[in-house]
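The chain below stands alone, shown as structure tokens; this is the form predicted alone.
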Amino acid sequence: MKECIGVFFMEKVNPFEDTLQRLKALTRYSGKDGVRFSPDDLRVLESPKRTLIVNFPVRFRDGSIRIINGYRVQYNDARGPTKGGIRFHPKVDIEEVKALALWMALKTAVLDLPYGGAKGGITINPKETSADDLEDVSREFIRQIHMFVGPTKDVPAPDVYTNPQVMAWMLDEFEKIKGEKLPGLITGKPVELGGSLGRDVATAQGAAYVFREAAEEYDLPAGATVAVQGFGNAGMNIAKILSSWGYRIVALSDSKGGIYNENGFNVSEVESFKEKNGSLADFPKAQKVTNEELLLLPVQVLVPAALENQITKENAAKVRAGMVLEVANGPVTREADDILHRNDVVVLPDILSNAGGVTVSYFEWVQNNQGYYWSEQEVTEKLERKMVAAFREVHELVKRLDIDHRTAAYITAINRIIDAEKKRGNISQKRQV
């Protein structure tokens, strides 16, 4: 099935099935140095442990009653409580949430965090919904799933179009139901309610550390040109960080379109313009580009920081960047990955490069559980150590097996998940006769 998007006809890819195909492709590496799982072991990851679909009525402030569709997928918990964000989006569905939950299981394992993976979603357009109605939806969603989440069960967090305020509503509702204070239920909270310093920029900061290490490995020149698709929290902050490091941000975009100037932008000026005008459209001294055109600009580094399935087999061969830093979840499909790899494009995969958010969420959870809070400098230093160590481990596997970074990251993650499943006795370690 194809749908027309801008100037391209993009194939609509089921992200969950696409990821399962990635897993199946890993069977070819079984038995190689550093690979500790068999093809049979991978069956553990073919389906989620628990899938929750809830449909509930909410009376909106205009008097109408609307049926809200919500999802929570807890994919694998062999390494610890499941962990993952909750997104508000008009097109979110169960297949997307399953894929996101699987990616979270892999992501926490790549960073060696004591978590499994989960994800949640509510099918709603927050841009067309009042804050009061969003609060009612948030609280009712927690009432629907409260028996399945908790600090030692499943720990939600913000995602697309959710924020610390949404997390605060959900935490407050959960604590009212349980009759006790449980700040470790949810991460990405306001600092006043137990949130961690540094969490607001953690995804971008973590991605920047991964990029810095890769730039050194691949001799990326100072002042290299960068295009960032997506100007939400993560996209805006990665653009600001890379600009402060001397890279030239020549293209930026939001959901309404993008802007391009080969001489580069002052990202803070773009940020102020968006805050004042609501979008990047009509930013002065810039050429307008679509989100699809931005992906194909002549830049050295491309940063997809919006939604999944942006680079597919339809446009991958036209990507001119030499390095792709995935800040969004799943922006490159499996078939596109193969094309980029053949064209010697270095792809820094989402389950490594955007794991800064879940890493600082883990730090927040630790602080909540021990009742002792760290300075922002401590958080940032701990984040840098975790991201650099994860990149180094993955990159060593890249060199040892002559594979791409995504394959190396998947192998690293799956090794850890399967090891945990075997230690629990969920997978027999006896040799089959």
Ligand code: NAD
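Position 1 is the first residue in the sequence shown; the rest follow in order. Here the structure is a predicted model, which means the values were calculated and not measured.
Unshown form predicted in complex with ligand NAD; subsequent notes refer to it.
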Among R199, N291 and A305, does every residue place a heavy atom within 4.5 Å of ligand NAD in the predicted bound form? yes
Contact with ligand NAD in the predicted bound form for E173, defined as at least one heavy atom pair within 4.5 Å: yes or no? no
Check whether Y161 has any heavy atom within 4.5 Å of a heavy atom of ligand NAD in the predicted bound form, and answer yes or no. yes
So, N329 and ligand NAD: in the predicted bound form, are they within 4.5 Å at any heavy atom pair? yes
Contact between F231 and ligand NAD in the predicted bound form at 4.5 Å, heavy atoms? yes
Under a 4.5 angstroms heavy atom criterion, identify the one residue in K98, R79, K189, R87 near ligand NAD in the predicted bound form. R87
Could you work out which of R248, H146, K274, R334 is the residue within 4.5 angstroms of ligand NAD in the predicted bound form, going by heavy atoms? K274
Which of 264 to 272, 164 to 172, 320 to 328, 340 to 348 sits within 4.5 Å of ligand NAD in the predicted bound form, heavy atom basis: 320 to 328
Going by heavy atoms, what in 247 to 281 lies within 4.5 angstroms of ligand NAD in the predicted bound form? S253, D254, S255, K274
